[in-house]
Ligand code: ADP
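One chain is shown next in C-alpha cells, namely the form predicted alone.
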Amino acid sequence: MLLPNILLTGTPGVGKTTLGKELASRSGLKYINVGDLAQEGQLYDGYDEEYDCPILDEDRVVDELENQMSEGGVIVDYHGCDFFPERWFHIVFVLQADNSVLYKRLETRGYNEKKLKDNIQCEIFQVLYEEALASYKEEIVHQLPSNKPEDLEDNINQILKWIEQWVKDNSS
C-alpha cells in the first residue's frame, strides 16, 4: 500500500516531536526526528559557538533519508525545510505557538538569551511558514496551532483524516 510522506516543521518548541511521535503511533507511519538522526550519524559540518549547537550537514542528511523517503510512509520532524527535495513530501504542516507559550517552553529547555530571542522573533515573523511556502507548492502547506493539549488532539485527528483520504485517493 502506498503511504504519504509528511513534513512537520516550525520553530523549536512548537510541539513537532510530540505531534510526530503520537501521529506515528496512531497511523503506523515511520517517525524520523532529523536532529536525532544527525546526532546518531554525526551528520554535522562544524559547530556554531554563538548558538552553542552543531551545524547540520544538510547534504548528508538528504543522502541518509533518500531511500526511506522514496518508499513512503514517513513523518519527518525538523525546524528547517528548505533543503529537503520538494518531491519528498505530499503535505507540509507548519506548527505555530503563541509567543508566551513558546517562550516558556524554550526557557524550560535552558536556551540562552540570544537563542530564546531569535527563536521567538522567528515565530513572530513566521519565518518557517514563509520558508515552507517558498520551498513547496502552496496548496500542500498548512498551518496548525500548537498551544494547548486540545490542539494536539485536534491536529492528530485532522492529519489522520488527511492520511486516510490520501491513501484512498492514491490506491489503484
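Residue numbers run from 1 along the displayed sequence. Just so it is clear, the model here is predicted, and its values are computed rather than measured.
The protein also exists as the form predicted in complex with adenosine-5'-diphosphate (ADP); that form is not presented, and the subsequent description refers to it.
Novice: Note which of 137, 114, 26, 109 lies within 4.5 Å of adenosine-5'-diphosphate (ADP) in the predicted bound form, where distance is taken over heavy atoms; exactly one does.
Specialist: That would be 109.
Novice: My question is simply whether residue 156 lines the interface with adenosine-5'-diphosphate (ADP) in the predicted bound form - judged by any non-hydrogen atom within 4.5 Å.
Specialist: The answer is no: residue 156 has no heavy atom within 4.5 Å of adenosine-5'-diphosphate (ADP).
Novice: Could you tell me if residue 147 has a non-hydrogen atom within 4.5 Å of adenosine-5'-diphosphate (ADP) in the predicted bound form?
Specialist: Contact with adenosine-5'-diphosphate (ADP), yes.
Novice: Using a 4.5 angstroms cut-off on non-hydrogen atoms, would residue 30 count as touching adenosine-5'-diphosphate (ADP) in the predicted bound form?
Specialist: Heavy-atom contact with adenosine-5'-diphosphate (ADP) at 4.5 Å: absent for residue 30.
Novice: Does adenosine-5'-diphosphate (ADP) get within 4.5 angstroms of any non-hydrogen atom of residue 142 in the predicted bound form?
Specialist: Contact with adenosine-5'-diphosphate (ADP), no.
Novice: Who in 16-31 is close to adenosine-5'-diphosphate (ADP) in the predicted bound form, meaning a heavy atom within 4.5 Å?
Specialist: Contacts from 16-31: 16, 17, 18.
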